[in-house]
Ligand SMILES: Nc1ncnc2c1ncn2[C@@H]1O[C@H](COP(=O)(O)OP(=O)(O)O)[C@@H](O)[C@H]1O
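Consider the single chain below, provided in C-alpha cells and representing the form predicted on its own.
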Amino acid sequence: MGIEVSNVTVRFGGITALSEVSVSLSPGQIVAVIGANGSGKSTLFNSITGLVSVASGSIRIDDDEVIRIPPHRRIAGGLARTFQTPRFDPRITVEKAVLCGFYPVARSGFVRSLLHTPGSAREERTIRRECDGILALFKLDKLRSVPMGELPMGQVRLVEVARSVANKPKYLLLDEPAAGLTRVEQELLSAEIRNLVARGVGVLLVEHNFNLVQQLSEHVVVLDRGSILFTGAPAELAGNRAFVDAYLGTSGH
C-alpha cells in the first residue's frame, strides 16, 4: 500500500525535467520534497497525478500501475493535490470552492440531483454538514460568503487545502501550501496536516519553508535539476554539504 514512484523520467522536448527519480509514500506518513526553483518538484507531482506524460519508469498507487490511468480516475481512487498557484474562479464563494472538493466522492449522479430524490437530498445535507466542519477547522467559516477573488493569497491557499481535504483522500499532495501564510495560519495548517496523518492519510509535501519541513516530515527527498541529490531524515540535511550548496547557497546561511 502507498505511492511508489520508481525511476521516473519526464522530458519536455529536449529538456529532462525528471531523471530516474524514485519516491515512496506510505499511509500515515509525511514525506517532504524540496529543492530550488526548477528542480522538478511540481513535475513530480504532475507525473503522479497524471498531468504530464512519463517517458519511462513506474508509478504505482496501492499496488496498481497508474501510468496509463487518466487524472480523474486517480482522483476518484483517493488521490488529491493542491497547486503551487491555486486554481479558483475568483467569483465563487469560499463555501462553494470547498463544496467542489466533495464532487469526486459524491454518490448521487447528475440526474438524481436534478430530480431531488430522497437519497440525493440526504447526501446533500451530509455534504453541507461536512463542509461546515471543514470550514470551521480551517477558520474559514466567517468567510464562507466571501468571493475567492477578494481573499489574500494566504487564505486562498487554505481554501485550496480545505477543498482537497473534502475529497477524503488516501494520499494528499501539497505543493507549497504555506506560501504567503501568517504564522498563525501556518500553525493551523500544520495541525490539520498532523490530524490527517493520524487518520492514516499519506502526505507528500513540497515546501520552501525548511522549518516547516523539519517540524512535519519524517523523510526528505532533495531534488536538484531533475535528479535526486539526497534522501533521508531532515536532521541529516544540515550536515550535507551538497544540500547546503544547492538549497541554501554556497555561503551556507
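As the structure is a prediction and not an experimental result, all values here were calculated from the model. When you see a residue number, it is the position in the sequence shown, counting from 1.
The same protein also has a form predicted in complex with this ligand, omitted here; what follows describes it.
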Partner contact check in the model of the complex: of 191-199, 29-37, 213-221, 62-70, the stretch with a heavy atom within 4.5 Å of this ligand is 29-37
Heavy atoms within 4.5 Å of this ligand in the model of the complex: does I15 have any?
yes
Does T126 reach this ligand in the model of the complex, with heavy atoms at most 4.5 Å apart?
-> no
*Can Q84 be called a contact residue for this ligand in the model of the complex at 4.5 Å between heavy atoms?*
yes
Taking heavy atoms only, is S42 within 4.5 angstroms of this ligand in the model of the complex? yes
